[in-house]
Each structure stands twice: as structure tokens, then as C-alpha cells.
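The chain below stands alone and is given as C-alpha cells, in the form predicted on its own.
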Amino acid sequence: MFSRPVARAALAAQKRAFSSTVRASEKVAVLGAGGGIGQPLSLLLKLDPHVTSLSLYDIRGAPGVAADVSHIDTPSTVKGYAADQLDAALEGAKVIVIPAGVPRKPGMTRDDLFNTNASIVRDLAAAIARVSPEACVCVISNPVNSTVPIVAETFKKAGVYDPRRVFGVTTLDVVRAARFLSEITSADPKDAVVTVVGGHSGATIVPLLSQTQYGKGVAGETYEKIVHRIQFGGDEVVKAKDGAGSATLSMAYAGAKFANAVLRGLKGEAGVVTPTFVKSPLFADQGVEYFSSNVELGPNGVEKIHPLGPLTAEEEKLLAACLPDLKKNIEKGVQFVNQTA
């Protein structure tokens, strides 16, 4: 049992993980709130001072999660919605986070999840297009390289697509990169932030270690190992959980961190920049319509897409390996919507 001072200090530390600026009046919906990512994500969003109303939806379990989370002593209100209440859950939402879908198991790639999760994401996107077309949509459901195009194509068919408001959450790659780099350099992770570009699976993940103070000196076998670990960190968790799930807790943290950045941007905070997978001009001439790079967030969602900046020879090789796979992933998502229409 914690003493009161320790408990207060713990809560203060949690709140410091998010922005401490004035709370925005925003409703956030979590679609898939009953799952392995959705439950801890809902908990973390309840702690975010920018969230004033939390709407939790799932095909099962969301009302129970909402009842549990609603007891936390932060100002936001929480309501859970059952399977037949999706439209009500979406009504008035400014930010919608989608962790819905099945998790990876040992031996599965993110592409193995496609057939199940693609249908789930398409159907949720259709409901969003109908009820809350102006919301910022943050897609966590894997494979993100394909599910983001699925959301975009579904919105296009409904006539409500705004590329500034559809995001693939790649924040876990950024979180992992900072943590793993801090482990080999003894730096504080907050000082070892790495821009991670490309996509959100395997070789499409390109960490730009050379652009951070602590990463630019990493070379040789050490460089190869940390790049591989950043690219395939999810496999590490899947193996360790031995069939019981994938990276749910760290993904929930990353999802909450990204949602917080979107909320701060919507509120008008200046200088909110983070990598995210969005419709991008950076490699459109090579047929890669979506790409993750540093993006400045603001009242309209995406305000500015930053160029990659100078790359080392190693990073150029990583990027060259990324683009063909990423193009295929994107095309797969686009084709899914067009073929199932």
C-alpha cells in the first residue's frame, strides 16, 4: 500500500508524461477499448489533461472498461458503448483512436493480420465517415502501412477524405528507438529521441540515428544490432509473451502519447512535431503515397510535413530497402477497399 505522498508523486509523474498546458475541451473515442491495447490506452487517456470526455467502444467489454476507468480521479468523463452503439460512441468525437483488431502471435507478421484487421478497420472507417467525418483519426490497428490507406480510401468513397486528419501511429518505433539507444549510450531516453521514418513494419522502419546527438556515433555491429532491434522489436515482445499477445502495453503508451500530441496541436500549441504515417509528397513520385516523417501538428491536423534531412550511406540503404515494401503494403490496402466495395 502506497503512502499518500508516494501515491501523489506517482500520479504527478504520470501527468508529467503528457503536456501540462491548459486542458482542451475535447472528446476522444477509442474503438477497440476492450482489447489488449485498448484497455491500457483508455487508462492513459483518462490521465491526459486534454481529454475532457472519453468514449470507449468495442464489440465486447467496453462498458466494463469504462466503469473501471471512470473511477480514476481525473476530471474527464467516461462512457462505454456496446457493439450496437458505434454511432453513439462516435458522436462529437474530435479525436478517434483505433486499436481494434487481432494481435500478432508467434510466427505471424503484420501482413498475416491483414485479412481480419482490414475488414474491421474498413467498417469502423465507414462509420466514422458517416458520423464524425471531421475527426482526427489515429490508426493503430496493424498492418498500419495498409490500414491507413484503407481508412483513406473508405473516406474517399464517402466523399469526406481530408488527408490532414488521418494518421498512422508509428510512435512505438520512436519510443523503442529512444529506449534502445539510451541503453547502449547511458543517455536519458528523453535526450536520445530518434526520428524514425518510412512505415511501421520490419524493413519499412528507418531510424535516423545520425540525426541525434547520441546516435550519430553508433557504428559497425552495434549500429546493425540496434537498427534490427528497432525494426523488429515487436517480435521480441511476441516471443517473450509466448503466444499470449503482442506489444500491448508499450503500444498503448505510444498511442496515448501520439493522441496527446494531436490534441495539443488541435488546441493551437506551437511546435508539436512528431513522426506519423500520413499522405505525403516526399516519395509520391516513386508511387509511395503515404510515408512517416516528422510532421507538425496543428488545428487542422497535419500542418507541415518536414523533409528527411541529410542521411548517411547506411540510412540511404535502409530507405532504399523500405520503399518497395512500403509501396506494396499501401497498394494492398487501396486494392482491398476497391475490390470489396
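Remember, predicted model here, so these are calculated numbers, not experimental data. Note that residue numbering begins at 1 and tracks the sequence as displayed.
Keep in mind the form predicted together with nicotinamide-adenine-dinucleotide (NAD) is missing from the figure; the text below concerns it.
Self-check item: The single option of 100, 178, 128, 150 touching nicotinamide-adenine-dinucleotide (NAD) in the model of the complex, heavy atom within 4.5 Å
Solution: Of the candidates 100, 178, 128, 150, 100 is the one lying within 4.5 Å of nicotinamide-adenine-dinucleotide (NAD) in the model of the complex.
Quiz item: Which pick from 36, 49, 63, 298 sits with a heavy atom within 4.5 Å of nicotinamide-adenine-dinucleotide (NAD) in the model of the complex?
Solution: Only one listed residue qualifies here, and that residue is 36.
Quiz prompt | Contact segment among 69 to 77, 247 to 255, 264 to 272, 159 to 167, judged by heavy atoms lying within 4.5 Å of nicotinamide-adenine-dinucleotide (NAD) in the model of the complex | solution = Selected stretch: 247 to 255.
Self-check item: nicotinamide-adenine-dinucleotide (NAD) contact at residue 305 in the model of the complex, heavy atom, 4.5 Å
Solution: Outside the cut-off, so no.
Practice problem: Decide whether residue 282 counts as a contact residue for nicotinamide-adenine-dinucleotide (NAD) in the model of the complex under a heavy atom distance cut-off of 4.5 Å. | Solution: Residue 282: no, not in contact with nicotinamide-adenine-dinucleotide (NAD) in the model of the complex.
Practice problem: Answer with yes or no whether residue 277 is in contact with nicotinamide-adenine-dinucleotide (NAD) in the model of the complex, where contact means some heavy atom within 4.5 Å. | Solution: No, residue 277 stays farther than 4.5 Å from nicotinamide-adenine-dinucleotide (NAD) in the model of the complex.
Quiz item: Is there a heavy atom of residue 144 lying 4.5 Å or less from a heavy atom of nicotinamide-adenine-dinucleotide (NAD) in the model of the complex?
Solution: Looking in the model of the complex, residue contacts with nicotinamide-adenine-dinucleotide (NAD) include residue 144, since a heavy atom lies within 4.5 Å.
Self-check item: Interface residues of 47 to 65 toward nicotinamide-adenine-dinucleotide (NAD), as seen in the model of the complex [heavy atoms, 4.5 Å]
Solution: Those in contact are 57, 58, 59, 60.
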